[in-house]
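Single chain ahead, by itself, as structure tokens, in the form predicted on its own.
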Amino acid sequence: MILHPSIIALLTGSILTSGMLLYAAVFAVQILRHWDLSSGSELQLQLERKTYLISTLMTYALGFQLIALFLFIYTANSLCSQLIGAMCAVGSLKANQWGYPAVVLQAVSFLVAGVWLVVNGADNRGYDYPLVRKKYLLLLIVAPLVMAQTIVEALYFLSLKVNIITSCCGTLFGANVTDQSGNLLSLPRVPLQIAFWGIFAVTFAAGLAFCLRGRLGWLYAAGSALFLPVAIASLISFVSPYVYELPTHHCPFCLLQPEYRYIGYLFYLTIFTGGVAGLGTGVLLPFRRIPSLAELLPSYLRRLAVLGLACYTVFTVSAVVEIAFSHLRI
């Protein structure tokens, strides 16, 4: 293991988060088995009081989970100077078999944790805890996922050794890559661009209609969920070369380096935040007719949709600006 402040912070935070989630999962089982708002029993009163504590704990724990994705990537980038052959996070993650599973689990945990926070925010607006069973059922999905991510992350950091020779991003995201890491590069450029612009246009139009008239919410949510992977694929396949001004360089992590103005953090933050807002909108749409949420939820959903549209628009405009002002012409 390499002793690094970010590694210690990540592992400590992840272990504490997993511990809180395990405690909350036990409480979630009690909620699913015994929750009955019409009952005045002592058990029901205890559950109602305890749900405030659990919701607060989960807000902080899953809030850390959102930050942890970017802290993990930052840490992987900073470790490249200590590993032979590494030039960015690609080499650091390739240093052992746990690196890429860890970053994938971090990304999935970000999305699921974000959706739980969105559902919890909606539930807190109702006077009768209208989504309490739903959010604790979702918590039983979040908890094992985050705990698995913590285990894989710990295995990755504990297996790191400074004397390992790893690969640079040129061998994994170069022009002649033939293994699985080059799958995104092999996607046809023109069809991918058409998909990118088409899905963005549909998502933006549906989101605008939903914000203004409350219609096409399902189309916006579906388009937002689809735009997330397409945006990542497009960023790697045809946007990043314009940032690097090198047609053979497609690395998704060099974008986070200071020589490229840390533009990658803006790209990934807007993609994942927009994804959470869109997915959260889709999850909450079926509950608009619950009496205690009928007046409050539409405005909450509109704010989510505005956030999602703003994030995806910022990403798209930033990508266009990078392409337009690049000296590279393909």
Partner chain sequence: MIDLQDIQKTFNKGRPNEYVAVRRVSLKVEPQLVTVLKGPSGSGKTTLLSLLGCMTRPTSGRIFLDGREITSLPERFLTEIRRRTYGFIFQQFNLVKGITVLENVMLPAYPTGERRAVLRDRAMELLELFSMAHKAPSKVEWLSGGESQRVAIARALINDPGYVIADEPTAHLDTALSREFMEIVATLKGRGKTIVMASHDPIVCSEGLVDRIVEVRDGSLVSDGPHR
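Residue numbers count along the first chain shown, from 1. Since the structure is predicted, the reported quantities are computational estimates derived from the model, not experimental observations.
The form predicted together with the partner chain exists for this protein as well; it is not shown, and the discussion that follows is about that form.
J.: May I ask you to check whether residue 299 falls inside a 4.5 Å heavy atom distance of the partner chain in the predicted bound form?
T.: Residue-level check for residue 299: no, no contact with the partner chain.
J.: Decide whether residue 32 counts as a contact residue for the partner chain in the predicted bound form under a heavy atom distance cut-off of 4.5 Å.
T.: Residue-level check for residue 32: no, no contact with the partner chain.
J.: With heavy atoms only and a cut-off of 4.5 Å, decide whether residue 125 touches the partner chain in the predicted bound form.
T.: Residue 125: contacts the partner chain in the predicted bound form.
J.: Is there a non-hydrogen atom of residue 273 within 4.5 angstroms of a non-hydrogen atom of the partner chain in the predicted bound form?
T.: No - in the predicted bound form, heavy atoms of residue 273 and the partner chain never come within 4.5 Å of each other.
J.: What is the one choice in 45, 294, 26, 266 with a heavy atom within 4.5 Å of the partner chain in the predicted bound form?
T.: It is 45 that has a heavy atom within 4.5 Å of the partner.
J.: Among 244, 129, 98, 204, which has any heavy atom within 4.5 Å of the partner chain in the predicted bound form?
T.: Of 244, 129, 98, 204, the residue with a heavy atom within 4.5 Å of the partner chain in the predicted bound form is 129.
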